[in-house]
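We begin with a single chain expressed as structure tokens, specifically the form predicted on its own.
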């Protein structure tokens, strides 16, 4: 049954807040979750923030991850003694599906000695085959670091072609895409015409977009960065500009609108929605809290994969 009223939302939120204390649970939520979920989370952030939080600031026995599968896998890898659970394990990331471990092995054989960087938006088995993982906020720094460590002119990078292009344009490193085509369906769907229309509608607004957007969109931006990067951009610039066009998922735009009510925050398009993130809702979180012993919601990464992936993730955190 769908939640219809603010009162129903608040009642379920109150039940969740009480249960998570009673049952020793930390709730992590990505910025792309709905505001009502972000409000009951212990920590809200982007991929890099939540990776660090999962490792350093979760002291409870159980972690509920309101996000998509690769994020929960990452939390599990970094916290091997914790129980990491998802309200809906069908919440995946189509971007991650562009690259698997077997395909990555083929690229490694083709380019021996070339370091491999994979985006955090990838499966655990893919991370296990990489030399290091990166996020949208640290991709340039990580790729520069691994290139220097390996003294290589080339770096294999995947699976997001647009993030690869962003790094390529901002370094002198030869970036080899793996695979040739990989993208986030949400960010890749926005076009130059969407950005131009938004700029025409709000001529005084600064434009901030995610690096998963296409080059034609990034070229029209005043700022390119991760969700956390865009959050800080809005937070730190109110004296210079108080209007912003945001080119990323609508859940994050709503968060900005809530946190910065004195600014004018506009979505580049209202249709910028990650359907996979939105599979999670308050009802599913409540049901999970009432059934924590149900192993169907546990995210388990096999030890043979987890150990290798942890090395790649820890190296990312070191570079960050």
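Fair warning: this is a prediction, and the values are worked out from it, not measured in the lab. Numbering follows the first chain given and starts at 1.
The protein also exists as the form predicted in complex with ligand 13P; that form is not presented, and the subsequent description refers to it.
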* For the spot marked by 88, 284 and 297, is every residue within 4.5 Å of ligand 13P in the predicted bound form through some heavy atom? -> no
* Which one of these stretches, 258-266, 55-63, 26-34, 288-296, sits within 4.5 Å of ligand 13P in the predicted bound form when only heavy atoms are counted? -> 26-34
* Could you check which residue among 123, 147, 226, 162 gets a heavy atom within 4.5 Å of ligand 13P in the predicted bound form? => 226
* Is there a heavy atom of residue 136 lying 4.5 Å or less from a heavy atom of ligand 13P in the predicted bound form? -> yes
* Is residue 47 a contact residue for ligand 13P in the predicted bound form, using a 4.5 Å heavy atom cut-off? -> yes
* To do: Consider residue 104 of the chain shown here, and say whether it contacts ligand 13P in the predicted bound form, taking contact as heavy atoms within 4.5 Å.
  => no
* **ligand 13P contact in the predicted bound form: residue 73, any heavy atom under 4.5 Å** => no
